[in-house]
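Next up: just one chain, as structure tokens, the form predicted on its own.
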């Protein structure tokens, strides 16, 4: 018998779900994974009736109820302390950039949505998205320069909560293919090759054809 459950949405589309799932898997929490098929028009009943904020991911574990992906990361870090860097200064930066990503970047979210099954190369390059991309590249470069020596991830050898929070951004960049620096591409390749990220992609590819959501499958204007 498991110790709880994690409710997520479609792996193909749900960036927030990906974050929660990665944190739970890295912390090795013994929970059942429940995937909610999105209903359009929403809300999706099982999500609205289960999650306090009506969104995914939503975690129940040993009596704790946790929603919002950043909160799920923090909860999981109580069981796997390596989810945040051990160094105090590095940990402060990791938490700051994770919070910035969690709270912002609306231009990127609206114009380069997550879809693991499409190639939108060249699309979505509106000024708001490009400004967000420039800031994200600066975040990645700064974290790598200050704390990433010795490993391929933002804070070195460990795939931390900061990498979890930015993993769906990597998927967006792989789908939309904006112009990026060689350093950003190297980081993206490392994230994409991470075993749990690869597992997420593989499971997304197995989702049924009738789970496709038209709103996320449109070809956007250039």
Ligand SMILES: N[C@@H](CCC(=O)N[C@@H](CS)C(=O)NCC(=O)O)C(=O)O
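Bear in mind that the values here come from a model prediction, so they are computed numbers and not experimental data. Positions refer to the first chain, counted from 1.
If you look for the form predicted together with the ligand, you will not find it shown, but the lines that follow are about it.
- Heavy atoms of no residue among 153, 171 and 195 are located within 4.5 Å of the ligand in the predicted complex.
- None of 47, 26, 59, 167 but one reaches within 4.5 angstroms of the ligand in the predicted complex through a heavy atom, and that residue is 47.
- In the predicted complex, the ligand lies within 4.5 Å of some heavy atom of residue 54.
- Contact annotation: residue 16 falls within 4.5 Å of the ligand in the predicted complex, judged by heavy atom distances.
- Contact annotation: residue 68 falls within 4.5 Å of the ligand in the predicted complex, judged by heavy atom distances.
- A residue is said to contact a partner when one of its heavy atoms sits within 4.5 Å of a partner heavy atom; residue 118 fails this definition for the ligand in the predicted complex, lying far away.
- Contact with the ligand in the predicted complex, defined as any heavy atom within 4.5 Å, is confined among 186-194, 39-47, 155-163, 26-34 to 39-47.
- Of the residues in 179-205, none comes within 4.5 Å of the ligand in the predicted complex through any heavy atom.
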